[in-house]
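Below, in structure tokens: the form predicted alone, a single chain.
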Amino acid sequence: MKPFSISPNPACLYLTSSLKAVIAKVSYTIEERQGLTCILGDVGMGKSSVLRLLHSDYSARPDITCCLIPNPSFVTDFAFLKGICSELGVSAKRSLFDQEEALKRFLVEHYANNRNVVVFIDEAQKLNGKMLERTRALLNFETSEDKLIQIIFSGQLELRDRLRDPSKKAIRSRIFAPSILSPLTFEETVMMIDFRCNFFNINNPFSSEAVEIIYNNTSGVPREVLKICAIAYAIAQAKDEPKVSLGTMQEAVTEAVM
């Protein structure tokens, strides 16, 4: 049992009001077929967890065909397109043109059958200029009212900086209601820790003073909060402490903070 694991498990994601707003914006983009949106944030802010939660929810829908690209480390834009097609079950073709045509036929067929196609792409800051342009080209598959494919980017803030470049104006103009994740407040940090403890059915071992130490050393970055919690919890268990002592907290901070 790892109550404070930093792995992006959507079941363990504590939904703050701001995260609920992000999910609502992405859901609107998908439901209304607006084409492209982005979830942006600094390292450790929970982007992957949010994306996986959305992917899990939409995968369960009978009217949705979706896929998740967790790490788009493709060599070329053609490989990027083939990767998306492979995940959606579209057969591989030998040329870029034929691959796009195969995907277009797939999307038109799904649209005719009232099915929506959604592609979730994590670590989207790894997409190069040609891949971003390929994404823009996919958004041209549309009717007069709807996009035939919905694409959700999740990426670090460097993606935002790249999209601000004048050369990326065409795809930047296609982005609908982007979101930027913000750190937890102190109160949200308290509630996230309590949520994790309840989820894993353990007594909360952190006093308010301990949480203050955690917050002051993480500035509310969720991954850093969980990292210190995990270390402190492990040390406390080794010492047979029912509650994490302040001395143990200082040990954990020393271990976690570089």
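Numbering starts at 1 and runs along the sequence shown. What you are looking at is a predicted structure, and each value in this text was computed from that prediction instead of being measured.
One more form of this protein should be noted, the form predicted together with a small molecule, which is absent from this view; the next part is about it.
Proximity of 119, 159 and 171 to the small molecule in the predicted complex is absent: no residue of the three has a non-hydrogen atom within 4.5 angstroms. Using a 4.5 angstroms limit between non-hydrogen atoms, residue 23 is distant from the small molecule in the predicted complex. When the small molecule is considered in the predicted complex, residue 19 lines it closely, a heavy atom lying within 4.5 Å. Taking the partner from elsewhere, residue 100 is found to have every heavy atom lying beyond 4.5 Å of the small molecule in the predicted complex.
Within 4.5 Å of any heavy atom of the small molecule in the predicted complex lies no heavy atom of residue 254. From the list 190-198, 211-219, 59-67, 25-33, the contact stretch for the small molecule in the predicted complex under a 4.5 Å heavy atom rule is 190-198.
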